[in-house]
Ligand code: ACO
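The chain below stands alone and is given in structure tokens; this is the form predicted alone.
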């Protein structure tokens, strides 16, 4: 059975740089407050009309395809991970297939938020191993800036997120002990509402104790988005930051060690850990808990913020471009996010 390898990698971030100081125009915050809590200094925001989640993913994909030494016509499957698709439906995968003028290949969309890219990578890995596909394009992309609450009310969430995209092309390899060694996926829905965007949605508060005002008597047009939802900011992302932090600092090390243990390895064997860029404080906590040096962990949340499904491939691409990841290196990718979901992948580069 062949292993799958990352044959090409690419990234794209918008040109528009938004600093912490820029955000003070819209909310009661400051640079020191944001950096102390998140480590973020700036982030990128996509152009409101000229750039979408898909177009950013396309730019990253073009680079990954070229670096893989292949063409869009050679791609035989697309997996696109995002929580901010261009349309509620259809998904971004088919938009990529159309834009790159690919053959009529399959396109799969993954909705696992911060863990989305690793879930997508794991799915693609299985298809390569079974021999079903030979060239799979995996994309993680987000346009958060379109749906954030830029007010003091929403600052705890809005200061964290940024826009961008990363992509890889997976191909089979017969080289023993090379490529993706294993992937590990987990979830726990008990705390699903702790990090969520409730609306738009069809739940009508089915999963909460909150009453859904006059739902039975509401006009059909108001069932999708009511004034009550807007007044309570339920059309913006919600996050209980301390609760997410407590869970993340437990599950991050667990899923990393799971990958290492399965392959008979330990943290000292790692050349590079690429954590999902959720919060610099989380990454630093995990690094310290696992006894890793600064040279063994790559963080770029300081420049890009949390780009959710895009954060792992963006960081992986940057680390590789800077020569921090070389052939033969042992690389671990890990993520934790909404759901809760968490995942890891161990790769021999």
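Note that the structure is a prediction, hence the values are computed from the model and not measured. Residue numbers count along the first chain shown, from 1.
This next part talks about the form predicted in complex with acetyl coenzyme *A, which is not shown.
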item	value
Exercise: residue 245 in contact with acetyl coenzyme *A in the model of the complex, heavy atom 4.5 Å	yes
Interface membership of residue 133, acetyl coenzyme *A in the model of the complex, 4.5 Å heavy atom rule	no
Contact label in the model of the complex: residue 337 to acetyl coenzyme *A, heavy atom within 4.5 Å	yes
Residue 278, heavy atom within 4.5 angstroms of acetyl coenzyme *A in the model of the complex	yes
Option touching acetyl coenzyme *A, based on a heavy atom within 4.5 Å in the model of the complex, out of 265, 239, 123, 105	239
Heavy atom within 4.5 Å of acetyl coenzyme *A in the model of the complex - residue from 52, 296, 283, 38	38
Heavy atom contact within 4.5 Å of acetyl coenzyme *A in the model of the complex, the stretch among 157-165, 255-263, 170-178, 74-82	157-165
Within 4.5 Å of acetyl coenzyme *A in the model of the complex, all of 29, 114 and 195 (non-hydrogen atom)	yes
Sequence-ordered list of residues in 66-100 near acetyl coenzyme *A in the model of the complex, where near means a heavy atom within 4.5 Å	none
